[in-house]
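The chain below stands alone and is given as structure tokens, in the form predicted on its own.
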Amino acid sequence: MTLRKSVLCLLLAVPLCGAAQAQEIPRYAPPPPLPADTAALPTVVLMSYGGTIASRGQPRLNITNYGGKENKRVDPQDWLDDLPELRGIANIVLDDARGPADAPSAVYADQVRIARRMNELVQDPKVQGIVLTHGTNSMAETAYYLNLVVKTDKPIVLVGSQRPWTGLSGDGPRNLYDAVRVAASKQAWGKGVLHCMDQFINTARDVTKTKAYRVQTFQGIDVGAIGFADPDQVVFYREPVRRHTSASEFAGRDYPALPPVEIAYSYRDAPGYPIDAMVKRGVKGIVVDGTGAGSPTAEQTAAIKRAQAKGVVVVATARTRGGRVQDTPRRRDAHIVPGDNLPPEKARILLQLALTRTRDVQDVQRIFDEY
């Protein structure tokens, strides 16, 4: 064979080899079609309590100033219409738990109503789990309350969004889809009330909002997430060990009202008269959110002693938002209950429920150790 013929054969072979190699690259596999038979799918109740995820804003770039009377709320049916993919993972039953559009938001009466409804829904053997949409400002508090008072092993998942449903690059649709996946997962059973946003799955006890508007806002500050709603599957890596839901001594009961408990914040030179004013108003418990490892000021310490003399139970938390408030000899001598690593708003909820059963400091301490 001449040199010219050899070069020509080589040039013709190169693209053929490239084509053969390109065919070996795996092709993108489209997602499976929605199942025709939904009888085999788990039933998930989708409860709406409003929030940013149920809000509209105009124009689409408006992701911080939305809602109000000028923008119609997102109805639960709108979620199903906008997210037909939900029907591929669960039989969705809608349950509208919103109050009137002009009603005050995030009041305790709403928590009572939602908890009562959930305690009813979980009795239905057809219900696999519940998803509750909620505004992000106080959803961690509602999650922890439900974690203590709803008696079930079934998954209850709270979800919201940092951007309105209509916002450009809104996080609501994906968050809602993932929350339903978690509620439909058998692996989520027995883990108490969960929170799912931005693919992170956190426990109700540990989750805290850390940023005002940014999407990656909810974290379990001390212990991190317990699982993830990854695109291919929902995965869990550990179990919560503190008492909750079916193991809670407060679960399955109705609490139309709770003993009044307030929060006193500590800072340099913080005075004691706010604590005195709380006692005068009839509080039964006070959570003091102290500096450092949970320390009140000298004036607050004196006011705490006056409050305790009138039967008020005092719990100490730390404004550091990380680390435990520990049971030190000084704190024990002062009859102040260390609030572990709970933020003050959650310590308040637990103290309120504890005071429905006892006012003994040692028994309240036992409750904070177990929950």
Partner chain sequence: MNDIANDMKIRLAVLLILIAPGLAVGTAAAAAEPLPQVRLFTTGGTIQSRGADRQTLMEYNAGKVTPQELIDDLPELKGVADLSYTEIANVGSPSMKTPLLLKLASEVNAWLARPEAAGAVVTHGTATLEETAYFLNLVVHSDKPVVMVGAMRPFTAVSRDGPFNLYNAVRVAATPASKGKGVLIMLNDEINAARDTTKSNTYRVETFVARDLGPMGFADSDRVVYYRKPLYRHTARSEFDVSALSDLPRVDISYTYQDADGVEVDAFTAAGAKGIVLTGGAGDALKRAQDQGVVIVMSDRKGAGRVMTSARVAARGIVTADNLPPHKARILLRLALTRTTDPAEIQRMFNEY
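Keep in mind that what you see is a predicted model, and the values were worked out from it rather than measured. Residue numbers count along the first chain shown, from 1.
Unshown form predicted in complex with the partner chain; subsequent notes refer to it.
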4.5 angstroms heavy atom contact with the partner chain in the predicted bound form for Lys280: no
The partner chain contact in the predicted bound form: Val107, any heavy atom under 4.5 Å: no
4.5 angstroms heavy atom contact with the partner chain in the predicted bound form for Val223: yes
Exercise: Pro76 in contact with the partner chain in the predicted bound form, heavy atom 4.5 Å: no
Listed residue that, although the partner chain is not shown, lies within 4.5 Å of it in the predicted bound form (heavy atoms), from Arg242, Arg253, Arg98, Arg87: Arg242
Lys209, Arg163, Lys284, Lys191 - the one with a heavy atom within 4.5 Å of the partner chain in the predicted bound form: Lys191
Contact segment among 302-310, 58-66, 41-49, 318-326, judged by heavy atoms lying within 4.5 Å of the partner chain in the predicted bound form: 318-326
In the predicted bound form, residues of 336-371 near the partner chain [heavy atom within 4.5 Å]: Asp340, Asn341, Asp369
